[in-house]
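One chain is shown next in structure tokens, namely the form predicted alone.
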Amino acid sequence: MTVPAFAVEKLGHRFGQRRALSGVSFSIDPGEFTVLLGLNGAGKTTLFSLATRLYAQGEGTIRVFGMDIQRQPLECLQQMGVVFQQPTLDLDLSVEQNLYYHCALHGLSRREAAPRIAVEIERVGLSERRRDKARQLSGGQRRRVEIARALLHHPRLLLLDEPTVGLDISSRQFLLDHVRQLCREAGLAALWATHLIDEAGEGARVIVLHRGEVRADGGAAAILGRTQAPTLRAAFETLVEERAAA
């Protein structure tokens, strides 16, 4: 059997008296592009913060390629590439300097880092901007750099938290196409968190998260069948309304 690239089981988290996640369980396989769809405040960023060890984990388990993140945190984190919701580039460093710094954090020498940087920068179409300061780039270009950076240590799992917020349509589509291609061609598993329904796309697996609970999990056709809705947008609205009325 294939070991899931990422698996959470009965994951829960509280902020004081407010429960942000409640019994969340799902897994994604290597090579799978999965959309974590939810409104702002659904719990998406909380889940990512637990998965990346920014928050201490209390309830449930998180496994990365079968490894428990509480028992083997370094091994798990080494398998992850992460693009956080908030931009994290150093704007006063060049594109290249930002990438070399990331490589150094992962123990890569400049000799090891140089060819990896060249490959990833070429993939996102920014080779000619490699010596420009990050602040000289557009928002979409900065996101491209962040995805390139997340892949430099050769992770097998990519976590992206609202990576297209504030970007124009063409930039959003480029990032979606790029990550989907990585899943198809490199066997990368990707969990793409968003509140934008159109980013799910046809054929994508969708996990609907609402108020800290998984409301649906499956392909678009399965979700449409369950809700008897004509579109994924209508299905999502039905699932959210069901929870609100419960």
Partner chain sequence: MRPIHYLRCLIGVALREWLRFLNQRGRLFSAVVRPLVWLAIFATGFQFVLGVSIIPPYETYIPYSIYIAPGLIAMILMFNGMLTSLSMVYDREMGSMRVLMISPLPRWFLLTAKLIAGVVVSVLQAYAFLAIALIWEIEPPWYGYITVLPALILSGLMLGALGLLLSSAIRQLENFASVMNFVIFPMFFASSALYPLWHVKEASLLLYRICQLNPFTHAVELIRFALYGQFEPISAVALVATTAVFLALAVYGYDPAKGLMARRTAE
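None of these values were measured; they are calculated from a predicted model. Numbering follows the first chain given and starts at 1.
The following text describes the form predicted in complex with the partner chain, which does not appear among the structures shown.
Participant: Indicate whether the partner chain has at least one heavy atom within 4.5 Å of a heavy atom of His106 in the model of the complex.
Facilitator: Output for His106 is yes: heavy atoms within 4.5 Å of the partner chain.
Participant: Can you check whether Leu54 is within 4.5 Å of the partner chain in the model of the complex, heavy atom basis?
Facilitator: Yes.
Participant: Decide whether Gln97 counts as a contact residue for the partner chain in the model of the complex under a heavy atom distance cut-off of 4.5 Å.
Facilitator: Yes, Gln97 is a contact residue.
Participant: Would Ser27 count as a contact of the partner chain in the model of the complex, using a 4.5 angstroms cut-off between non-hydrogen atoms?
Facilitator: Contact check for Ser27: no, nothing within 4.5 Å of the partner chain in the model of the complex.
Participant: Tell me the stretch among 74-82, 170-178, 114-122, 137-145 that has any heavy atom within 4.5 angstroms of the partner chain in the model of the complex.
Facilitator: Going by heavy atoms within 4.5 Å, the stretch is 74-82.
Participant: Only counting heavy atoms and a 4.5 Å limit, does any residue of 10-33 reach the partner chain in the model of the complex, and if so which ones?
Facilitator: Contacting residues: Phe15, Gly16.
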